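Only one chain is included here, represented as structure tokens and corresponding to the form predicted alone.
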Amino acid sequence: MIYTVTCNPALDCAVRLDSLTPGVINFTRDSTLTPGGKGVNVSRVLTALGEPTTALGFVAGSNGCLLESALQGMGLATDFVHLERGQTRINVKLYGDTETQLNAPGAPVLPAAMDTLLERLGGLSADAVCLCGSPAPGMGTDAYARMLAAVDCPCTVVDTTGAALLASLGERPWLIKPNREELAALAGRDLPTLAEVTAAAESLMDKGAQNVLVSLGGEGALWCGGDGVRLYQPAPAGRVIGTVGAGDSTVAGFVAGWLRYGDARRALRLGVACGSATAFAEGLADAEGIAAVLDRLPEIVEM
């Protein structure tokens, strides 16, 4: 079983329109409301891959009940902690001339709710645990370190940013998954080449990460293994429809591939196939889209 934790999930309202003009009424072509958040997205793509998964985290109010019931309707198991105050956030994704995202802050997590989540994490019998997204209000930058300390699982994945990511490294997560921009922010400099991306990833390994997977958007992904292996998987060509959830899909594919094969090359290929398939789709990738992309991936490059 693969467990995901989404600290600050959302209902994602995707709005598609031909163009967006500020200050006037704009008419949309269509809109959808779907459960979102990084760990939720990972669980949804894992389900498309046929992997058993359970989504954990925090939900609040009627929005949270709607999110949880929607996931259950998709065939996902859930075990969210229900917060006593606030509402699960609604994030707006605008697709017009450009892609624009409006993300809300989310409901506050009080200490008792955090203790409940830590207790549930401590009782898991898991093949992998993926801790994803920004901490919710009230959680603090040490939240990921505390969750890692509570989990008894050799395959722990952290996909967060900034201070929360740095604070988690002392617990030696098995894998962290920054994207290029997040890695550059931590390094304090631009990373225009694969060599510079590799060096920045290795600096996080020096701080405690056992392995690093860097998503590179339309360029694919880079794997830096604790065994010294460095692999670059280029992405295939295709028409990008939306990038929301592509990095999360990469996490899902990589973790599924690793658990199936125990091989970084095959896991990396499945990860990039899932991320690319999501970028080429309206919404998250499905099994058919992933298989189609996997068949036409470029060869892996050993760095």
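Note that the rigid core is defined as the largest set of C-alphas that superpose within 1.5 Å between two forms. Quick caveat, the model's predicted, so the values are computed rather than measured. Numbering starts at 1 and runs along the sequence shown.
Note that the form predicted in complex with a small molecule isn't included here; everything after this is about it.
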In the model of the complex, does every one of A221, T243 and A279 come within 4.5 Å of the small molecule, counting any heavy atom? yes
Given 84-92, 188-196, 201-209, 172-180, the stretch touching the small molecule in the model of the complex at heavy atoms within 4.5 Å is 172-180
None of L67, A55, V255, V272 but one has a heavy atom within 4.5 Å of the small molecule in the model of the complex; the exception is V272
Contact with the small molecule in the model of the complex, heavy atom within 4.5 Å, among G217, P108, G140, G122 goes to G217
Note to self: Just checking whether V59 would be counted as a contact of the small molecule in the model of the complex - the rule being heavy atoms within 4.5 angstroms.
What the structure shows: no
TODO: Mark G36 yes when one of its heavy atoms lies within 4.5 Å of a heavy atom of the small molecule in the model of the complex, and no otherwise.
DONE: no
Going by a heavy atom distance of 4.5 Å, is T250 a contact of the small molecule in the model of the complex? yes
- Task: Using the partner position in the model of the complex, report whether A235 sits within 4.5 Å of the small molecule, counting heavy atoms only.
- Result: yes
| message | Core superposed first: is there a CA shift of 2 Å or greater at R180 between the shown form and the other one? | response | no
Note to self: Does R146 shift between the shown form and the other one by 2 angstroms or more at the C-alpha, the core having been superposed?
What the structure shows: no
Checklist entry - Comparing between the shown form and the other one on the rigid core: C-alpha of S125 shifted by 2 Å or more? => result no
